[in-house]
Ligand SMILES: C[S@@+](CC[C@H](N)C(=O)[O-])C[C@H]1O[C@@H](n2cnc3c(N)ncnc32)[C@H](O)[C@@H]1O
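This document starts with one chain, in the form predicted on its own, laid out as structure tokens.
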Amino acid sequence: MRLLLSPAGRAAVALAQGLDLSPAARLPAAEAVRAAAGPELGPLALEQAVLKGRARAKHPDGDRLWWTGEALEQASSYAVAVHRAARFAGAERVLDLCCSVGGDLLPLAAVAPAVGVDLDEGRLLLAAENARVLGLDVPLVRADVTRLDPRGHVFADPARRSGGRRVFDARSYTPRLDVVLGWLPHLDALGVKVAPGIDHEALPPELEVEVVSLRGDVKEAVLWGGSARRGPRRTATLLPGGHVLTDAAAPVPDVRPPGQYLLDPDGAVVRSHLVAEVVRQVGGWLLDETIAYVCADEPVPTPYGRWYAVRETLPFGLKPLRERLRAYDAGPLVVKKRGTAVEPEVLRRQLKLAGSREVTVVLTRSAGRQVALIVEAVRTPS
């Protein structure tokens, strides 16, 4: 990393950023940077330029910041990091343990004095440079967080990748989740970034589980403890609108056949197990007690999902579905599914549709039976 941050390294990265880095042009770009910067620095500079280009999708200053491939993969989108940092606003000090290159540390430092801790010296060098780029003064400490006994306000982002692959078992996080949660009795506040599919039932009851989506795409879950917890056990947050749905002990929804309208809940609502709250709010019911599709007689405006008008409902079968879709002049087919093993790409090939209209079909279960719903998106105010 020191070589990359040297004057020669910065010049090589700047050169690479000015080239066409599309996949088709990557080889001539690599040759040009290698010729200008040498066989050691050239590949490093090219990789950094590619990472900076990709980072723009996550951070408004992504192309000015410095990254490693793994750090960029695990980094939160900027809007999510800013939302999360708000829970620490006004704290006397926040420790960001496993701070990496500073994707979460720097939004924290914008709302409270923050200290970054990581064992990887290279990532700490990049974090220091990123703080400088954004005009922030952030102390950084190289230490093994598993050997610390932290106090005060803590945010932690355990590594969830090993050998370039995602790790889903919290016992395989680095540090392990049980180690991080073991700090809680001695802390004022704790926030822990985890995978959105984490098993809620395996977590201590004193934690709040917040699942966050950004423009309909589920990004992460955060465990909140101490004063950072806001009360409810489960929370779904939808960004950028800032809509927040919490567990209010909604009654068990009715299960009935499809109605005139179908609501596809936002993924954060589904992952936070709050579909029953949405059912209550829209006066609807479920198609199946195990499937997160909501039906109603009217499309009650809600920010927590997208409404579709149900045009037809039929038992799932390839031949009858093909016939009905051809009646709609279906060509491009949007396939939404829950509770079925059917693969959308396979289904599209099997149906052999050649019409001119884009049609949406929902494959799911209704009272245990496989069904297909031909639907059309409905615009409603949120």
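Residue indices: 1-based, along the sequence shown. These numbers were taken from a predicted model, which means no experiment stands behind them.
The protein also exists as the form predicted together with this ligand; that form is not presented, and the subsequent description refers to it.
K.L.:
Candidate spot L119, T146 and P175, all three in 4.5 Å heavy atom range of this ligand in the predicted bound form?
P.N.:
Per the other structure, all of L119, T146 and P175 touch this ligand.
K.L.:
Please tell me whether any heavy atom belonging to P258 falls inside 4.5 Å of a heavy atom of this ligand, as the geometry stands in the predicted bound form.
P.N.:
Flag for P258 set to no.
K.L.:
Could you tell me if G226 has a non-hydrogen atom within 4.5 Å of this ligand in the predicted bound form?
P.N.:
Contact with this ligand, no.
K.L.:
Would you please decide whether A75 lies within 4.5 angstroms of this ligand in the predicted bound form, comparing each non-hydrogen atom pair?
P.N.:
Close contact exists here: in the predicted bound form, A75 approaches this ligand to within 4.5 Å, heavy atoms only.
K.L.:
Mark E210 yes when one of its heavy atoms lies within 4.5 Å of a heavy atom of this ligand in the predicted bound form, and no otherwise.
P.N.:
E210: no, not in contact with this ligand in the predicted bound form.
K.L.:
Which of these residues, V82, A159, V244, A112, gets a heavy atom within 4.5 Å of this ligand in the predicted bound form?
P.N.:
Of V82, A159, V244, A112, the residue with a heavy atom within 4.5 Å of this ligand in the predicted bound form is A159.
K.L.:
Which pick from V222, C99, L274, L190 sits with a heavy atom within 4.5 Å of this ligand in the predicted bound form?
P.N.:
Flagged contact: C99.
K.L.:
Sort through 282-290, 202-210, 300-308, 138-146 and report the only stretch with a non-hydrogen atom within 4.5 Å of this ligand in the predicted bound form.
P.N.:
So the stretch in question is 138-146.
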